[in-house]
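Given next, in structure tokens, is a single chain: the form predicted on its own.
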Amino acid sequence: MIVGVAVESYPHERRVALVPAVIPALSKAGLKVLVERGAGEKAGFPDAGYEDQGATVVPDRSQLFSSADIILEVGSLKSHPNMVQNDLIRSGQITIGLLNPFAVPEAVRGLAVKGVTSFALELLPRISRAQAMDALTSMATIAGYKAVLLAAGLLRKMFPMMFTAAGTITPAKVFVVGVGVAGLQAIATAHRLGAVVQAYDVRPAVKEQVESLGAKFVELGMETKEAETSGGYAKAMDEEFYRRQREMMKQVVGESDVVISTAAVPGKKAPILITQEMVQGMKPGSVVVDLAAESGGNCELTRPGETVEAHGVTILGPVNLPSTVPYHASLMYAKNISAFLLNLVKDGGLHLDFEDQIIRDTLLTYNGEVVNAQMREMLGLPALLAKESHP
């Protein structure tokens, strides 16, 4: 089978789905890799590097799409239906990537109508066998790291305590809201930079992880085991819960120099945790970095993709942060997506084992149907019987 890697079309995307280092493993599995000219250049991977590892570089997009059986991408659905490959992709083709399907459900319907089989890596189950394929975790790690660097660059203070000839400089206070992968990396990075770090999450089980990274876990008396799904993801709570949570967080936010919020619920709008009133209570020069900006934001004043000044506080709503560290983001992503691909392949051909939870959970479209249950519900489609969704 032929695997194709295209130049990413999403605006300002600098990552690439495969890097040269993973090509030999795919070749050994009987796959041929085609790479569109220039696909890896923005990430720091020139065409010659791919050719040296056995891939074939093709001159244009149309040739890539007409030749490839499987298209590997970083994020192909975000700008549908305007993306070029929406016209190039064909029936029987397979696409794999961080498709962000819940943001663009109609694009998913479009893939089904075209007869494309698609897999969304965001839907990967949180099981040990899938860890090597977990691109969402890889990208969240980079986002958490970069969020702290952005905050440190804008804060009018230095992060660490320093003993100087001019006296002692007290450390900055950083508060991380939401202790998933991005939150844990933000805690670790802020702690390494010398800040005093506090963190909060509705899931009480993360307290030990927070403390192991040198931070203090803020307990509001509202932590609940019910806030986590069986798959390990955060669960949406009701508005009354969030209202009480905001009331209790107000003091901690007001005492912090930097607030980094990461609370997102898959397939849902991000909960508002930081109100305008809370921002108003922060010290002038403080910084809020809202990593949930792409799904609406945790801060009431966040504008996705923009930096806002309000009440003397700088509020960042960064989108696609992993793309700002494209070399390592691509390296990590390539290892994840190639591990996923190798799980689909047997003796050089596609082998879709629908008894495999990894394959079953990540499958979005197949046989002309949207097969993901949550996606069907969003599109107003009736539930499929098991025999209808899989052969």
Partner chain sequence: MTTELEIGLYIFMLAGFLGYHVITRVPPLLHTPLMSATNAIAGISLVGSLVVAGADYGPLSTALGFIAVTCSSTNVVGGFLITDRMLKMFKTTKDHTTQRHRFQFNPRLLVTGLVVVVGLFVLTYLSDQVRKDVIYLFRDVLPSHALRYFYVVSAALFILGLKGLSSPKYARKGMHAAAVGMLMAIVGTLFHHEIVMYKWIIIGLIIGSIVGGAMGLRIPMTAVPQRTALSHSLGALAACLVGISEYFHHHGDLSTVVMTPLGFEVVIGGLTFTGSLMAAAKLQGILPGHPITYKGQNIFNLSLLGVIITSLIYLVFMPPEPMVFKLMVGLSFVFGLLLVIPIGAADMPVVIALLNSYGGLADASMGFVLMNKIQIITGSLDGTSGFLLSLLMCRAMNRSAINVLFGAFGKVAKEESGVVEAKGTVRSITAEEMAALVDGIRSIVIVPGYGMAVAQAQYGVAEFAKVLMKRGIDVKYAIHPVAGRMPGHMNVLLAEANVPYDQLYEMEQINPYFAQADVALVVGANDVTNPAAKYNKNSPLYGMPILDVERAKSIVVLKRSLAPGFSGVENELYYNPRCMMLFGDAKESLNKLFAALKS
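As the structure is a prediction and not an experimental result, all values here were calculated from the model. Residue numbers count along the first chain shown, from 1.
There is another form of the same protein, the form predicted together with its partner chain; it is not shown, and what comes next is about it.
- Residues placing heavy atoms within 4.5 Å of its partner chain in the predicted complex fall in a single listed stretch, namely 135-143, out of 160-168, 95-103, 135-143, 260-268.
- With the partner omitted from this view, the residue of H191, K114, R203, K173 that lies near its partner chain in the predicted complex is H191 [heavy atom within 4.5 Å].
- None of E247, E277, E211, E255 but one reaches within 4.5 angstroms of its partner chain in the predicted complex through a heavy atom, and that residue is E211.
- Interface residue remark: L184 is counted as part of the site for its partner chain in the predicted complex, having a heavy atom within 4.5 Å.
- In the predicted complex, its partner chain lies within 4.5 Å of some heavy atom of Q131.
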